[in-house]
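Next up: a single chain in structure tokens, the form predicted alone.
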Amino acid sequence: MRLRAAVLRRLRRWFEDRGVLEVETPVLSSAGASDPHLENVSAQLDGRAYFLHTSPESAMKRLLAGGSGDIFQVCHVFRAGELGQKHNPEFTMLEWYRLGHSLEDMMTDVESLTRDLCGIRRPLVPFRRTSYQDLMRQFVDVDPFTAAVPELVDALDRNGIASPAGSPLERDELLDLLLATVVEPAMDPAQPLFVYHFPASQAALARILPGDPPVAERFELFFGGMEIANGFHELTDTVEQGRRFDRELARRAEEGSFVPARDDALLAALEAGLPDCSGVALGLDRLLMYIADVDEISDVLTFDLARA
């Protein structure tokens, strides 16, 4: 509890020094997450369905479109089905947005903040940056932009990883499995690592950088093989964002998952004019795990789900 309080004091000072405004947005939302990889926690209020947010992103972007300027938020978020060594269904997220910042600027932001926070107990070595393509070539010996499904399955077999039983995995799911089971465990535990320029098909809410191949303007930060943060040069195109929502919702329907209504409030904010910005979501509990040098997320929570 003392470590968490010290980290919160220090992070608020870091943002205050840079003129980033702390905001609060509702935990209850009328819009559920469309991402097929996230499961919503629902709530009923006066006979109407709401959701406990999986991220404050949508509401914060509505503030950005309204002229808030640079903002940050520390809040609890909720994701059903996520329980384990590094997961708790309720966890603390730090999310922030900087206007006019490039993806590279935001990586510098994240490095500065996490170095400051970790300095409470664990000074950090210089961070390393590598592209997603180079990372997969290094650890799995495949090109993630050109490898066909059979090649990715062979890469799993070579590393002793069995594909899950049931429906065959799609290409991005195989890449995610290789990253989680082969690449992350092989990362240097003492080396903070930024991985950037993911496949365009994994763009989520990020812009696509044209090229051969096109890539998502997205990065992830890993500490000792554990994902700490996920950052984007944010998409501001209303039409493209609507297409992505529709694809995700269709995918949920195909898989027999719950299909929430489309987040039209976010689309309206984009239409009104989301300024050019980059944003980051950082798992504060996982960062605390690294600072405290513990392996279980329950060790840094006052009450995990088993004690809630």
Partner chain sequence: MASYSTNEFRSGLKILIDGDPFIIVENEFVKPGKGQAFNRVRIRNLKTGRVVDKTYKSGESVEAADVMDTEMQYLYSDGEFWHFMVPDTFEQYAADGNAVTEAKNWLKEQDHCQITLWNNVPLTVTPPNFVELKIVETDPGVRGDTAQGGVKPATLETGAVVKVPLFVEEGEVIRVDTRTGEYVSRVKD
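Keep in mind the model is a prediction, meaning the values are calculated, not measured. Residue numbers count along the first chain shown, from 1.
From this point on, the text means the form predicted together with its partner chain, which you will not see here.
Looking in the predicted complex, is its partner chain within 4.5 Å of a heavy atom from each of 19, 90 and 96? The answer is no; none of 19, 90 and 96 reaches its partner chain.
Does residue 218 make contact with its partner chain in the predicted complex, using a 4.5 Å heavy atom cut-off? Looking in the predicted complex, residue contacts with its partner chain include residue 218, since a heavy atom lies within 4.5 Å.
Hey, in the predicted complex, does residue 39 get a heavy atom within 4.5 angstroms of its partner chain? Judged by the heavy-atom cut-off of 4.5 Å, residue 39 is in contact with its partner chain in the predicted complex.
Any chance residue 70 has a heavy atom within 4.5 Å of its partner chain in the predicted complex? It does not: once its partner chain is placed as it appears in the predicted complex, residue 70 has no heavy atom within 4.5 Å of it.
4.5 Å heavy atom contact, residue 35 to its partner chain in the predicted complex: Flag for residue 35 set to yes.
Please tell me which of 179, 117, 110, 103 lies within 4.5 Å of its partner chain in the predicted complex, judged by heavy atoms. For this set of options, the contacting one is 179.
Looking at 162, 149, 186, 125, which is the one with a non-hydrogen atom within 4.5 Å of its partner chain in the predicted complex? After the contact test, the surviving option is 162.
Go through 154-162, 117-125, 208-216, 134-142 and give me the stretch that gets within 4.5 Å of its partner chain in the predicted complex, heavy atoms only. Contact-bearing stretch, as computed: 154-162.
Quick one: name the residues from 81-111 with any non-hydrogen atom within 4.5 angstroms of its partner chain in the predicted complex. Residues within 4.5 Å: 81, 82, 83, 84, 87.
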